[in-house]
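The chain below stands alone and is given as structure tokens, in the form predicted on its own.
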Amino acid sequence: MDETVRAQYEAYPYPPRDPAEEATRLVTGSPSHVLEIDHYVFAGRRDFARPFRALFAGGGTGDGTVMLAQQLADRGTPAEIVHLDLSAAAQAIAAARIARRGLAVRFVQGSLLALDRLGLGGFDYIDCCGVLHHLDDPLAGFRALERALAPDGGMGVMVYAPLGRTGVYPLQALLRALAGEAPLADRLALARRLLPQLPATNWFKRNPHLHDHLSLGDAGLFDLLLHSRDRAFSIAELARLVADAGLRIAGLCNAIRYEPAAYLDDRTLLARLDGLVPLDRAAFAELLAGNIKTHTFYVVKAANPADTVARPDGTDAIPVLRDGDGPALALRARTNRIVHIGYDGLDLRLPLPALAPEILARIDGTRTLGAIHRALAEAVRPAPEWAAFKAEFDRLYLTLHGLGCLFIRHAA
């Protein structure tokens, strides 16, 4: 089966990328953004002047590899980055993208299940996106990655989620019945003939939030509907799998989607959830929202005793915006105190606190919360006491961190 999967990605490298586009844009996302890694794995205290080893296990055509390699190079980090993948065709695209940017990455062809044999290990960070749900034994994959982690290292992972992919698996079964073991190009042709014929009642037809077959060409269609090995995990299933591998979930990306209060405003209903631990709240929210297609999250070793997640506590915490700048966001917040964001057909309207514009205007990635409070106290009348300021910041942080926009670091 590994050979079947490899053959698919040799024929249709995924996602399709043109190395020439590296001259005009850097693809960014989650996981593996350097701010996220620092926040979830190193409690915001990683000194990136020190050597850093990273593995992209199943790195494909290189989105994550290119992003982190560029971000570490921009910081002057002495980094060793290894890109591991089954597909030579996918690696060739990733290598061309890296070469366009003049970056340094080591490319190794093979399976993440062979990490022990390949002698690859001791990584500060591992990225594994879109891979574990294609393994015959995902637990074996998690365990192989766990062994390759340094004791205080962590991983960024993405796997499929079931509810947002409603319709995918019945249609995959239809196409297996229709196409059997036909050549890959013939399977694609049959899929393209079938899609316009789907009745309005077909669950895939009724799910308008699946786009790869429309936006990513043959590679997107094959990966979505014709993959030979594909499964999805609920939060509850994922939590058990991670624990069985000797790991623990440090944080879920886009955490607002896993918070029931983002969907419910009935206090009686929310009170019933007060006793749930965070992962149980996340499992409830997944069932409630019904549209989550993937889970993206960070894990660390269960044996690591440290609290690896940065907290917005104390005057020395430094808030850092992932994209955009504080003053620009402050201008928007002055005219609209509501963040309006859409997730696959679901519109969320999230209120911002009264001091949001003043706080955002002073977030520059270097000021501590203490410094922001002092600057704000000189500019605002009446000057807010620390407790009032911190309550306002915490409300702002809950929203913007939940949207993946705001993180915490501490001075090295």
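Remember, it's a predicted structure, so these values are computed and weren't measured experimentally. Residue numbers run from 1 along the displayed sequence.
Not on display, but discussed next: the form predicted together with a small molecule.
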{"property": "Proximity to the small molecule in the predicted complex, single hit among I292, L238, V300, V131 (heavy atom within 4.5 Å)", "result": "V131"}
{"property": "Any non-hydrogen atom of G110 within 4.5 angstroms of the small molecule in the predicted complex", "result": "yes"}
{"property": "Contact of P19 with the small molecule in the predicted complex (heavy atom, 4.5 Å)", "result": "no"}
{"property": "In the predicted complex, D223 touching the small molecule (heavy atom, 4.5 Å)", "result": "yes"}
{"property": "The small molecule contact at F393 in the predicted complex, heavy atom, 4.5 Å", "result": "no"}
{"property": "Segment that reaches the small molecule in the predicted complex - one of 59-67, 340-348, 376-384, 35-43, heavy atoms within 4.5 Å", "result": "59-67"}
{"property": "Full three-residue contact with the small molecule in the predicted complex, heavy atom 4.5 Å, for S234, P278 and A282", "result": "no"}
